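Shown next as structure tokens: one chain only, the form predicted on its own.
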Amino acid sequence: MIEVRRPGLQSTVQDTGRRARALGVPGGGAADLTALRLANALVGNPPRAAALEITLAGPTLLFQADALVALCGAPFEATLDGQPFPLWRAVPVRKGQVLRVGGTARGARAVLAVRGGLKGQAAFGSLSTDLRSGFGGMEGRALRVGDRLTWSFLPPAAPPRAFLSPDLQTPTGPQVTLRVLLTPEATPDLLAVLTRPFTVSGQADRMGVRLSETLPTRHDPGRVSLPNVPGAVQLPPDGRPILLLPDAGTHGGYPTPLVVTSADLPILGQLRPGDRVRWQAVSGEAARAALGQQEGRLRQAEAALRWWYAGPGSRARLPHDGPGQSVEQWASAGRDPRPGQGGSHEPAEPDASPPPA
């Protein structure tokens, strides 16, 4: 069991989300699914296992039982009993130890996975917390002081001695480029101004992120509502774009001239006020190729870590690598990520959700 001593700015239980959009229910799920999948893989969990999503300022957690945990995502500062706590690693935590997660100078979110996966209240086939509707996770809300988190049992295991390549990590600001697909609503006037950067405003939450600058838009009161998807870029009448995140509603009436590619959706989950966003229009073929490449690398990392947790007899060789290459050699390809690095927390403006379309 984990006792919440300090909840952080907004800490919620999230998994990979639900598939109930046909019922008008947002998909939800972790805003940075890459961080969730890799954190789960590091502790030997299935990819869908529920974990704790941390936003901008993290919680203080007292462990009342031994556990194996991994913290992945933006470079949050973290300590375990006052000692630096490494990110992007599986770390054993003993009963009675206190994990303190501070702030991050870049990005917005991290995911804390516990071996076995967090328990919570399921709704529509998912444990994800939907804050607006108030269901899922911990009573449909963010953590509070005194909450107690529990997790499912998995046999204890030694953590892998590997670290993941930094190339797998989701890019964080302050400068990011988003690959977008153009829809029939992308007018020439709009395309002409996409070459300049846009700034993330203080209106940013799990539903959407509003940008400060404006784009040309036409107000059409007779426009019918159409399905929304995470990544859609809506243009409300004031012209300030809204980038939809996992908790966005399923339908909207605003024009949607751009859609962020699936490969770049985790980047949306790491946007924070003040970040600068540039657009890169790509073809459908290029978007599918980018997603395929990203998914292939993620699955390769997950497979390598599954091999580790499968037992000593399975660690000798990996299916995707050359003879004799160990999981440590494979997964540690690339430079040392120097986990745990990060700056001091800069207080953010309070969350304020963009108005629904």
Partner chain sequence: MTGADITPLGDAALVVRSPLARELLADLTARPLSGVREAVPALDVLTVLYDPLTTSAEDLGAGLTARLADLQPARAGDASTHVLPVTFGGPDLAWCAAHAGLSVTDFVRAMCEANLTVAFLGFTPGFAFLTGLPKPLRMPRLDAPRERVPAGSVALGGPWAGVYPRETPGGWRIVGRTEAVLFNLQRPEPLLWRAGDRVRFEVQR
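Numbering follows the first chain given and starts at 1. Bear in mind the structure is a predicted one, so any value in this text is a computation, not a measurement.
Beyond the structure shown, there is the form predicted together with its partner chain, which is absent from this document and is the topic of what follows.
> Look up in the predicted complex whether Pro216 has a non-hydrogen atom within 4.5 angstroms of its partner chain, and give yes or no.
No.
> Looking at the partner-bound form in the predicted complex, is Leu9 within 4.5 Å of its partner chain by any heavy atom?
Output for Leu9 is no: heavy atoms all beyond 4.5 Å of its partner chain.
> Is Gly102 near its partner chain? Define near as a heavy atom within 4.5 Å, in the predicted complex.
The answer is no: Gly102 has no heavy atom within 4.5 Å of its partner chain.
> Is Thr250 close enough to touch its partner chain in the predicted complex, meaning at least one heavy atom pair within 4.5 Å?
Result yes; Thr250 sits at the interface with its partner chain in the predicted complex.
> Tell me, which of Ser201, Thr261, Ser165, Gln97 has a heavy atom within 4.5 angstroms of its partner chain in the predicted complex?
Here the answer is residue option Thr261.
> Just one of Val176, Leu194, Leu181, Leu154 has a heavy atom within 4.5 Å of its partner chain in the predicted complex. Which one?
It is Leu181.
> Want to guess which of 219-227, 156-164, 270-278, 108-116 is within 4.5 Å of its partner chain in the predicted complex, heavy atoms only?
Of the options given, it is 219-227.
> Is any part of 289-308 within 4.5 angstroms of its partner chain in the predicted complex by a non-hydrogen atom, and which residues would that be?
Leu291, Gly292, Glu295, Arg299 sit within 4.5 Å of the partner.
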